[in-house]
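Before any questions on binding or motion, here is one chain by itself as structure tokens, the form predicted on its own.
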């Protein structure tokens, strides 16, 4: 199952879509085995730049994509050392037969046994390349090295780790202190983080979270939780959350203040997720399916006191949660996303009331989508000014142990003289 997911991603599918296909195809598989296969798929994709170098070195001829993915998944499992080497090799050989026929068994057996014999040399050779050492495409490495000469290696290293599991406590249902007591009673170690966050020492299934079904908490990265605070929506305001799905930031805004929120997204299926999340939390918003670059088609002449523009982006700041992104993105995607971001900024800026504020946000670490985008916007709009924020002071939050990578710029429209 894991190798099938990796093969689909290598062929251009998203990890989420590939996993959904795999779960449908293996619906009779025990939940524990599905979970183990999912973990192996994630691990293989996190290490893709490394294990694909090894796979290339092992094969004298290019195997079928499905067999190549199987070899990479098996190498990842062998390197993890959680099961016996012979067991992993035997399982991979049997899987090869089901994927590509009996003739593929000998190939898989040979390359995996060669890996075990020559492992140290093969790993050393893979790590000698930047793509192998940093587990990222070369163009991505080069971009970060240029943009962050002092931080690029730590950004890449963090992107290859497991993400933290951070919760956001719903102020309208409980207090953070009370929820920390619930976690302690359930023998779940955690610490407070930010204004509303709780960081679990170890991730657990969402269904096992105390109070999740009752709407007491949501899963949301600490970096993403900054948005509602920076937006500063106050009681009675009209607020727009643009590109809002799946609705985590929409919900946080509503948890913090009595405001009227319009949440818009252009994807009907993802818009449904906004409604589902709000229902679980006991919150209400005006949820709209619409194109945020054409606000007149779904909000008429309405203007807003606060606008959150959570713009579509490369998602380069959250790749440890979505390791497929590193290998699906192409360098020209940056310019494509930047064009969309510019169109959204221009369209939604006109929907602010004089004196209103827009929070421009991305989950990217590429400057072209972030401060470069904002500087260009400010050069076109003398009536706009960027307001200082305490954290992140530069606007750019780089990925770290406790949070993912995000960018925020708080823009205010000066009232007419």
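Note that the structure is a prediction, hence the values are computed from the model and not measured. Positions refer to the first chain, counted from 1.
The same protein also has a form predicted together with a small molecule, omitted here; what follows describes it.
Annotated contacts: 243, 246 and 293 all touch the small molecule in the predicted bound form [non-hydrogen atom within 4.5 angstroms].
At the 4.5 Å threshold, heavy atoms of residue 266 reach the small molecule in the predicted bound form. With a 4.5 Å cutoff on heavy atoms, residue 221 does not count as touching the small molecule in the predicted bound form; it lies far away. Looking at residue 163, you'd find every heavy atom of it more than 4.5 angstroms from the small molecule in the predicted bound form.
Of the heavy atoms in residue 311, some are within 4.5 Å of the small molecule in the predicted bound form. Only one of 285, 155, 344, 281 comes within 4.5 Å of the small molecule in the predicted bound form through a heavy atom, and that residue is 344. None of 270, 172, 79, 113 but one reaches within 4.5 angstroms of the small molecule in the predicted bound form through a heavy atom, and that residue is 270.
Segments offered: 205 to 213, 93 to 101, 129 to 137, 258 to 266. Contacting the small molecule in the predicted bound form at heavy atom distances within 4.5 Å is 258 to 266.
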